[in-house]
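Taking the form predicted on its own, here's one chain by itself in C-alpha cells.
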C-alpha cells in the first residue's frame, strides 16, 4: 500500500529439509550433512548462527534444519526477493559443502527441500511475522483469526500426498496434521497455529509481533504473495476493530485437519455458535469481510495487493467450480496436484505408489537444475513474480527502507575491514575493547546517525 499510515513490517522464516544420498542410500546423517553445509558459514562467523549483509539471519535450527529468516521488509516485493535470495544463499553453501565432501573422500549428493515433512513423519515450519501496533485487546482478537488460518490453506497450502485412515489421498496442507493447539507461547511442545511469545524485536511499548507458525512453505511466489496479502489486509480489519467475533470454531484442531483432507472445500465445520458451514463458505466470509472493509476505507492498494486480492478470490472460485485450471500455475497445491494427476495417469500409477511419493518430495527440491517445481517455473508452467537480477541483488543487499539497511551496512563494513561484531535483530555491537553498542528499536528506520557514526568508527 502506498499510504505511509499502513506500512507494516513483514518477515518470513523457512526451515529446510536436508539429506545426503548416493545411489539411493543415505551416506551421511542429517547432523553430519549440516556440519559440511555450515562449515564455510561457521568459519566466517565463528558460529552456525549469523546475520548476513542482506539483513537476514541464517542458522541451524533444532533437528539440524537450516533456517533462513528474511530481513525486515515493508514491501512485499522485497519480501519475495529476500525469500528467493535465501534459497540461492543456501545453494551456495550446498555447492561449497559438495567440494568439502569430495576433498574428504565422502560420497553423496546433498538435497535441500523447501517443504514441511520428512519420511519419518517429522514436521518443520514456515513462520510468518507481522508487526502490529500494541493494543490491549490483542489476545482476545486471536481466536477470530484462527478460522481464517484454518481455511486459508485452500489458497496457501503446499499440497501433499497423505496417508489417512481413509487411505492415501491428496491434501491441501503439509502442516495441518501437525498442529495441536490454536494459540500458545510454545513453538514445539504444543505446536500452535499462533505463537504468542511477546518478542517484538522493536519498542515493546509501541509494537508487538504476530508470529504465525501454521503455514506451509511455498515454492510458488504467487502463493507466498497471496498468503501475506490476505493476512495483511485482514490485520487492517482487526486493527480497525472490525474483525467479526462470530466466526470462531468449536474445535480448531479437528477443523484444520478436516479442511486439509477435503480438497473440494466442502468439509463441514461447526462454529462456536452451533452453526455449520463448509470450509469454502467460511473462507468466502473472510474474503468478503476484507473486500468490504477495503472498499469502505478507499485504500490505495499496491499492485501486489491488487493481484493478491484477485488471486485469493479466484482461488476460492476455482475450488467452488472444480476448475483448478484457473490457478494451477500460481497456487502450490494446484500446481502439484496437476503434476501428480498427469504423471499418475500417464504411467498408470495410484497415489500410494512410491514413485508418486518421490515426485511429491522432489517438487520441493530447491536445486534449480533438478527440483521439479523450479523446472516447471523455468518452462513457464508455474508463474514467477521476481526478477532474477533483483534476487541476485537481494543476496547481499538489504531492503532500503527498513532497519535491515542499518544492520546490513554495518555487517558489510565490518566484513570489509575484518572487524568482529555481534549482531541481532535490534543490537549492533563492535566486539573490541570499546564494546560500542547501538540499540535499534525502530524497525521502520533505515537512517540512524548513531549507526553511521559506528560504521565510520569501523
Partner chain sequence: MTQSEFVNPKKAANAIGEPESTSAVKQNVVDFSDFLDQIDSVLEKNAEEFVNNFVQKGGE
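Numbering follows the first chain given and starts at 1. Model, not experiment: these values are computed from the prediction.
FYI, the form predicted in complex with its partner chain isn't displayed, but the following is about it.
Contact test in the predicted complex: residue 343 vs its partner chain, heavy atoms, 4.5 Å: Yes, residue 343 lies within 4.5 Å of its partner chain in the predicted complex.
Residue 303: heavy atom within 4.5 Å of its partner chain in the predicted complex? Flag for residue 303 set to yes.
Query raised in the report: Looking at the partner-bound form in the predicted complex, is residue 401 within 4.5 Å of its partner chain by any heavy atom?
Result: Although its partner chain is absent here, residue 401 would touch it in the predicted complex, with heavy atoms inside 4.5 Å.
Check: Is residue 17 close enough to touch its partner chain in the predicted complex, meaning at least one heavy atom pair within 4.5 Å?
Finding: Residue 17: contacts its partner chain in the predicted complex.
Quiz prompt | All of 227, 420 and 428 within 4.5 Å of its partner chain in the predicted complex, heavy atom check | solution = None of them does, since no heavy atom lies within 4.5 Å of the partner.
Selected contact from 88, 357, 100, 168, since only one has a non-hydrogen atom within 4.5 angstroms of its partner chain in the predicted complex = Going through each option in turn, the one that passes is 357.
- Query: Which one of 321, 298, 348, 273 is close to its partner chain in the predicted complex, taking close to mean a heavy atom within 4.5 Å?
  - Reply: Only one listed residue qualifies here, and that residue is 298.
Select, from the options 153-161, 248-256, 277-285, 309-317, the stretch whose residues sit within 4.5 angstroms of its partner chain in the predicted complex by heavy atom distance. It is the stretch 309-317.
- request: Let me know which residues along 324-351 have a heavy atom within 4.5 Å of its partner chain in the predicted complex, or say none if there are none.
  value: Counting only heavy atoms within 4.5 Å of its partner chain in the predicted complex, the contacting residues of 324-351 are 325, 326, 328, 329, 330, 338, 339, 342, 343, 346, 347.
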